[in-house]
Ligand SMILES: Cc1cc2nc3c(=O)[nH]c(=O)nc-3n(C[C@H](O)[C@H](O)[C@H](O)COP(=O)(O)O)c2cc1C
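Given as structure tokens, the chain that follows is alone and in the form predicted alone.
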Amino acid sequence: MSNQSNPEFYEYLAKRRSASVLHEPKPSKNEIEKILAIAGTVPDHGNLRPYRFVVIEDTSRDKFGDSLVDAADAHRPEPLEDKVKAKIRAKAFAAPMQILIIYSPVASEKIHAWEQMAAASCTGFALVLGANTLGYGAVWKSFAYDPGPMLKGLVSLSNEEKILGWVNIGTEKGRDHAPREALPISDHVQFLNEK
């Protein structure tokens, strides 16, 4: 890669915002594969690829929504009210597509579990960027509960695996983003300079 700057690419990254309201159309199968290819470029010591993805779209969102309700219900001392169930289930329909991110560790004496989870976590932002570069809106979402039996079965989750959340993807309509506030360098960065 040359050392020439690319101001347009920099401006895009500097102003990027997550999109919370997403509609059809969603990415095609070919575009999904391109988005997933970007996720496969994250820093990954040993090239272990300690992650996997589950693409959720169309009618599979019904099962995903039901499994989110099941997970929430499994962690509550008393049954959820119907209104709360509906709110949780609606998470599966906040976008026409979700890509679930699963941390799937690989046995290794050299590469620690924390490092593998860091690599898997990076894929979330890479999925968002991949979707954005193809013209789609995207946002990485998390869930307050551990997966219940229904969700574990739905995505064949092993005991070693962990769901890191999912990325909602779709088309953003009629929303102008406010400019992203620049990182306050003095509050978040330390420069170690030799004297």
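Start at 1 and count along the sequence shown; that's the residue number. The shown structure was predicted, so the numbers you read here are calculated from the model rather than taken from an experiment.
The form predicted in complex with the named molecule is left out here; the points below concern that form.
Please tell me which of Lys162, Lys141, Arg52, Lys34 lies within 4.5 Å of the named molecule in the model of the complex, judged by heavy atoms. For this set of options, the contacting one is Lys141.
Please name which of the stretches 34 to 42, 133 to 141, 53 to 61, 154 to 162 has residues with heavy atoms lying within 4.5 Å of the named molecule in the model of the complex. Among the candidates, contact is made by 133 to 141.
May I ask you to check whether Arg17 falls inside a 4.5 Å heavy atom distance of the named molecule in the model of the complex? Yes, Arg17 lies within 4.5 Å of the named molecule in the model of the complex.
Although the partner isn't part of this model, could you tell me whether Arg180 comes within 4.5 Å of the named molecule in the model of the complex, counting any heavy atom of the residue? Flag for Arg180 set to yes.
Output the sequence-ordered list of residues from 84 to 103 with at least one heavy atom within 4.5 Å of the named molecule in the model of the complex. Residues within 4.5 Å: none.
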